[in-house]
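In the block that follows, a single chain appears as structure tokens, in the form predicted alone.
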């Protein structure tokens, strides 16, 4: 197959997934599927276009070249090859899990009782990228995840966890969800005032993924849709350090290269409160490639996304009396201004559930008021963090 373009790139992905579904505390589904596809990007006279399908053939090559000739998207070239850092993200024991083992997991979750729904998933992902500049990278990774929703009387709650290895007990997260649902069933209103609050790792990821992380995308900085460009070099976040690190062994989003063939590398975004850097995909990168170009699926164009966001703080201590497990409405947060208004989900004070409560404010101000971290470190979504304790937060009820 000949690709008559100035520059070209072929990205291939194959995902084998196995899923166990539990509904109403009963094992319902045990399924397996394989999805695979290929995407081609070409550059013609500085213009770039992309096509995708199950397999790239001569017809798709012609389509891509014709699209590039009329494209408004500019790109000069694709990355050149570099020596990649090795990162552990594949556990062969995950790939060897059989149907009986998956069934046992489903039954153990169902056995907890009062589980309205749950999904346990196992995936093996293979990525491969080649380009006209000489890049030839491939990587295999594994993923194991569980999501559980429990109900108890008029209370409800959820828990979830993801790992590269099967190194956790899914029923433990089912039990956590059930305990939270029991607390929620006895929830009462509290006095509106300022509290010292503890955010769980789930709540931390929900808030920051929507209200803060996109502000570090260079595309948003360039378009004036972020405050970070104005804050570079300034002390904004107190004692907080924020690092985007794709090279953490067994990190949920770790990789040795991104979906554009750029070598993965660690980027310190905030150091002891001072804003230091940003992240970018290839298309929007100014000078330095950070390796943060990822595809939502095989048919989507690469765009900026974090990998593993590691939060660090020098102060350690105990959690406060008011604990927030999760938020409702985090997706409505405004990363341009940092403003948020969130309803608390499965919050408690002294072990007693709280209902009808919310917090609102600005994420930059909120993070500057972090008192300390508490509990064990855990990865949820993009974020690796313990519990975060923040002082002087108005909880409205």
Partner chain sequence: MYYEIREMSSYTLQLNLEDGKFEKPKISEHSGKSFRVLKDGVWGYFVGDMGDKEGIERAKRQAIGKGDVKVDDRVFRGRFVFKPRMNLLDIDIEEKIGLIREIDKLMRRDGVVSRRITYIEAIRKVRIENSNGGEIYYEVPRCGIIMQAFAKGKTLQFYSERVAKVGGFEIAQKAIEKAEKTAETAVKLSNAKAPPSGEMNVVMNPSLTGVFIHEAFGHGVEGDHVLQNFTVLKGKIGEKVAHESVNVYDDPTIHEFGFFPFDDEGYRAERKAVIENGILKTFLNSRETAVKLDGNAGNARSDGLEIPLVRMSNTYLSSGEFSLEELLEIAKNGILLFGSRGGETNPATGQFHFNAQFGYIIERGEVKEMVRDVSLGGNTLEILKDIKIGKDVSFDPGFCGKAGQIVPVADGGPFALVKAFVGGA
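Predicted model only: the values in this text are computed from it and were never measured. Numbering follows the first chain given and starts at 1.
One more form of this protein exists, namely the form predicted in complex with the partner chain; it is left out here, but the text below deals with it.
The putative spot formed by 121, 195 and 378 is not touched by the partner chain in the predicted bound form; no residue has a non-hydrogen atom within 4.5 angstroms of it.
Proximity of residue 287 to the partner chain in the predicted bound form: non-hydrogen atoms within 4.5 Å are absent; the residue sits far from the partner.
Interface membership of residue 110, defined by any non-hydrogen atom within 4.5 Å of the partner chain in the predicted bound form, is ruled out. When the partner chain is considered in the predicted bound form, residue 224 lines it closely, a heavy atom lying within 4.5 Å.
Put simply, residue 103 is close to the partner chain in the predicted bound form: some heavy atom of it is within 4.5 Å. Stretch-level contact check against the partner chain in the predicted bound form with heavy atoms at 4.5 Å: of 301 to 309, 167 to 175, 250 to 258, 265 to 273, the positive one is 301 to 309. Residue-level contacts in the predicted bound form: of 74, 95, 138, 315, one residue has a heavy atom within 4.5 Å of the partner chain, and it is 74. Only one of the listed residues (116, 241, 143, 209) places a non-hydrogen atom within 4.5 angstroms of the partner chain in the predicted bound form, and that residue is 116. Looking at 37 to 71, the residues that come within 4.5 Å of the partner chain in the predicted bound form, counting any heavy atom, are 48, 49, 50, 51, 52, 53, 54, 55, 59, 60, 63, 67, 70, 71.
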